[in-house]
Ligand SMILES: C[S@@+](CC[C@H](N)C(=O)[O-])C[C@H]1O[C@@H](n2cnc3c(N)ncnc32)[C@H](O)[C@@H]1O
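As a starting point, one isolated chain is supplied in structure tokens, in the form predicted alone.
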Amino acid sequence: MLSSLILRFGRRDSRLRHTVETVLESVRQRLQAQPLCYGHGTDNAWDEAVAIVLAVSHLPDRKESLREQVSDSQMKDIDSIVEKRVTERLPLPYVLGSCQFMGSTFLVDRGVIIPRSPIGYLLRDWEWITQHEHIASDLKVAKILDLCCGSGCLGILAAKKFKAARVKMIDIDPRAVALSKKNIEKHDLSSRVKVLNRDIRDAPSFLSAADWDLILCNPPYVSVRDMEQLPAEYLHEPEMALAGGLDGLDLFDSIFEISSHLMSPSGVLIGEVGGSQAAFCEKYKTVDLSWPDLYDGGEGVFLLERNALDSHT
């Protein structure tokens, strides 16, 4: 990756102006000099510089690109992006209009939460997860339900992982639903993936069959206290996609009830509760669920099988 190649190969001759390498270094320095917060697809100034320069130059992320020239017009575009990022504290995907998540490109809208859920890692490593988290060996994922789908990234990643599965996504926000439709079309999945503009709490009334093998849910879960402490970048995201009430758990009783009605007998719920995990564990301490190791980052993702859910409800 270019973010590490600069360190590995060193700087080129300083007389070579406007090469990808020199521009990367300049952008990195500008970003690093500011009190920015990362976490929307990158976690440091190097990676963000790479994302900016490659997005404008349309060059591949490989060693040979370091020597390519960056035109004056591209330099102006890069400068404009960096200026927005620094002065407005906008998350980079909102500036670029798209982001990379789990190796796929997703369109981004400033009214919809940016893709970043660690549930994506669990989908990628599904075979390992099923072996180490004691998921029912007879689980065949044919139908997937994505609750609070946002941009549609998780449902789309699930459709790519389980290539024969049909996916239904639900979100209460019409703007999120509109963006999900665009991403479904972008990934050529319209035949298998559908999205509904509904309140997930009504799901048992319009999804009556209990045959959903995999339910994904990344709901609003940020507590009141944590909402008050969010960095400026996160305040650009819609509050309704983040705020989960006093303890961050407002929706989880409904999520468990929905899942108990809709999950297949050997089905699995994958939910995310993030920094509200401690409050979640206290409230639902009798629920037999597991917290897989998120070795690629993130926190607060749980797995819950149908039989454990039945014992709770």
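Each residue number is its position in the shown sequence, starting from 1. Owing to the predicted nature of the structure, the values given are computational and were not obtained by experimental measurement.
Separately, the form predicted in complex with the ligand exists; it is not shown, and the next lines address it.
Student: May I ask whether D173, R201 and M240 all come within 4.5 angstroms of the ligand in the predicted complex, judged by heavy atoms?
Tutor: Checking in the predicted complex: D173, R201 and M240 are all within 4.5 Å of the ligand.
Student: Looking at C148, A158, L92, I78, which has any heavy atom no more than 4.5 Å from the ligand in the predicted complex?
Tutor: Looking at C148, A158, L92, I78 one by one, just C148 meets the 4.5 Å heavy-atom criterion.
Student: If the cut-off is 4.5 angstroms on heavy atoms, which of these, L122, C99, V82, I113, is the one near the ligand in the predicted complex?
Tutor: Selected option: I113.
Student: Quick one: is L66 in contact with the ligand in the predicted complex, heavy atoms, 4.5 Å cut-off?
Tutor: Contact with the ligand, no.
Student: Just to confirm, L251 within 4.5 Å of the ligand in the predicted complex by heavy atoms?
Tutor: L251: contacts the ligand in the predicted complex.
Student: Verify the contact flag for V193: yes if a non-hydrogen atom of it lies within 4.5 Å of a non-hydrogen atom of the ligand in the predicted complex, no if not.
Tutor: Close contact is absent here: in the predicted complex, V193 is far from the ligand, nothing within 4.5 Å, heavy atoms only.
Student: Heavy atoms within 4.5 Å of the ligand in the predicted complex: does V167 have any?
Tutor: No, no contact at 4.5 Å.
Student: Would you point out which of 150-158, 102-110, 82-90, 67-75 contains residues with a non-hydrogen atom within 4.5 Å of the ligand in the predicted complex?
Tutor: It is the stretch 150-158.
Student: Output the sequence-ordered list of residues from 215-238 with at least one heavy atom within 4.5 Å of the ligand in the predicted complex.
Tutor: Residues within 4.5 Å: N218, P219, P220.
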